[in-house]
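This document opens with one chain alone, in structure tokens, the form predicted on its own.
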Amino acid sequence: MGERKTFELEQGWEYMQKGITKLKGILDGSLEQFNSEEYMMLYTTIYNMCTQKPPNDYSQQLYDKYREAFQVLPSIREKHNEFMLRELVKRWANHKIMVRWLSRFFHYLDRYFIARRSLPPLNEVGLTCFRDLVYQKVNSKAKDAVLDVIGKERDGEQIDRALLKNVLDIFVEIGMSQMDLYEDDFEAHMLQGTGAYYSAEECLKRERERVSHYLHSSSETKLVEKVQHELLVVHVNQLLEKEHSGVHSLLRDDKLDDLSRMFRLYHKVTRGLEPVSNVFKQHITAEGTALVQQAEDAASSQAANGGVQEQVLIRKIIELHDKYMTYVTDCFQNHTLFHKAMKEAFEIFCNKTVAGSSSAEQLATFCDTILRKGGSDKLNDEAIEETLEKVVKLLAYISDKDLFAEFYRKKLARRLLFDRSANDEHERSILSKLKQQCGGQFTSKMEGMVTDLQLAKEYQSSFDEYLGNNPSTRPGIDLQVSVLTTGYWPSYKSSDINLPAEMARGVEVFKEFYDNKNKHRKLTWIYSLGSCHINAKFDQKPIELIVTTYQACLLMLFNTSDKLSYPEIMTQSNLSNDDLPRLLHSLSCGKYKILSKEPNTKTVTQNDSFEFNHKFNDRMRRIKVPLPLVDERKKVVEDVYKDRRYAIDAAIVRIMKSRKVLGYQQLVMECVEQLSRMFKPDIKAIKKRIEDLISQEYLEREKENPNMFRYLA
């Protein structure tokens, strides 16, 4: 078999160029076609030139020359506008056909040489050639031509939409599955142009320019008013409710610049801001209600963490308030309509309950968390002050401010009495803020409590000095007493518990000291708030127990008795069935079983008996025996509602005293107005209080008109 003829590069490429020229002619409309023999010869030529032995293997040279086959730019450069677009679409279609044919002729190169060298395939090279030779040079002109055509359509002209679709497909296809070229080279410019086209500010600017160019200056006001009316009033709903550019979407996407622009435009239109502020209110209400629902759901699914969820809710509401207050000041220039919208929105969701807890209670609990030792995250003084400032602002939206005051007072009392307050300055600071917001009457009792405790410390110092000067009077125990003013503090249950002799002696000594200093004052001892440190001697080691006064009284009964039944404990302590089971449960069934109980169950009944647990031991030498807190929510609410009756009575009498004669509707309206600063009075409650005051002869109905009331001096 003879040796195969060697093809030189120039000879082989000359033959390939004839085939490429014929292919271009066919694409330009020539009727001549390739026959199968010509096709095979072109393929074989490439095959032979790629399979010759070196140095006659021309694979790399043919790969480089493949690019030279594409020359399509001059015919596009010669045309403009839509004609250029049509030529571009035609050349792109021809180019893709040419890439397919050449890929067949050069198939052997693609399959072996390119695959082994990991080079870009011929199809990709063909598209890259069009991008480099054509697209890079004409895309700007093409983009301008497309935008021009879009502008014509916006102005009402008929256009060839299929042409635009084909042109824009080139922007996508040239990117080879990436949208970068389409987005950067066309879409960004199109959106910018769209914004300018539809921008009301731009329209007004253009009309003013028109006046300056060729209209009389007197036309400016009328022209601007007409444009504003057409753009902003006639289409107000479409503009404000558009899916991607309406107020809701601008608020959702935090588009502050666009919101500012919308405010500036509608500020110029009579009552134009009302629909904007309404949408603002709806948006805030929806966001706030969603936060409340999230907290409700979380509290329901994790009942044990309900309190935590409420605290998270308050923090989120504070963040929401900060965010939209920035909108009001920065975007809406502190306009009263938007302040009003924000106030009304917050009043809606700030008065909802979460897991049975009212917003007033949640806010009071949040304050307690911030102000008590170890209650909050480690915030610095400045952060605490800032948070307290924001809490007081939130209080403005809560209708039951009297309920907040009572819950806050209860928690403040626990902080002060049990030395749980983290910082006296913060306590005084929030009271100062509350006083500024709600008036002196709102905080007078709380301020009295803080002052009281300071005076109590001075009394304690005097008592210690008294004991030092009179050694014979010492009771044998360390005694600390806080003397408080009844009117300032929440009401607490006082019980005539039988104190152990040691404690009773201490009480007598203090009473004697106090009576010497205050002749006409009476002390009422609230043992339920006391705490004791007692030394318990167990078999293993002595342990100091920190307990409440009631717990201490029960434990000390076992100094003289080994075993006591429930009735015996009840008789000796003089405690009621309301308190005793809870106390005995804490000592015998809780974490620390100081007492042993028979039978050994987890509940306390009147048939149980108890004895001191000598075998008890703990790794600590001092332990605090917890006493579960009684849920005071119901009592606080009852106390507040009782106080409300007095407040309604006082308001009715005050109004009638100044008016003398007044109709029912007017009296109710004025009463609601006076009381709404502290709570939202129930109309039925007002009606009932009017009837009671009539029966007490503060008021009387007029005989001729039962709806008219007269004040009786």
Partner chain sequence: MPPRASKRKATASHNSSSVTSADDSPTGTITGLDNVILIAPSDKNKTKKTDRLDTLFDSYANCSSGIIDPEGIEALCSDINVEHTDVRILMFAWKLKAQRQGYFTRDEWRSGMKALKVDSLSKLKKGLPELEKEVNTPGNFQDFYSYAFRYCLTEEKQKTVDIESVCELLNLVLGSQFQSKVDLLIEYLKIQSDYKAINLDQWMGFLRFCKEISFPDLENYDADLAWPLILDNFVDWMKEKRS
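Note that this is a predicted model, so its numbers are computed, not measured. Positions refer to the first chain, counted from 1.
What follows is about the form predicted in complex with the partner chain, which we do not show.
- Though the partner is left out of this view, residue 684 does reach within 4.5 Å of the partner chain in the model of the complex, counting heavy atoms only.
- Residue 691 belongs to the set of residues with a heavy atom inside 4.5 Å of the partner chain in the model of the complex.
- With a 4.5 Å cutoff on heavy atoms, residue 43 does not count as touching the partner chain in the model of the complex; it lies far away.
- Although the partner is absent from this view, residue 10 stays clear of the partner chain in the model of the complex, with no non-hydrogen atom inside 4.5 angstroms.
- Stretch-level contact analysis of 640-648, 47-55, 661-669, 34-42 against the partner chain in the model of the complex, using heavy atoms and a 4.5 Å limit, identifies 661-669.
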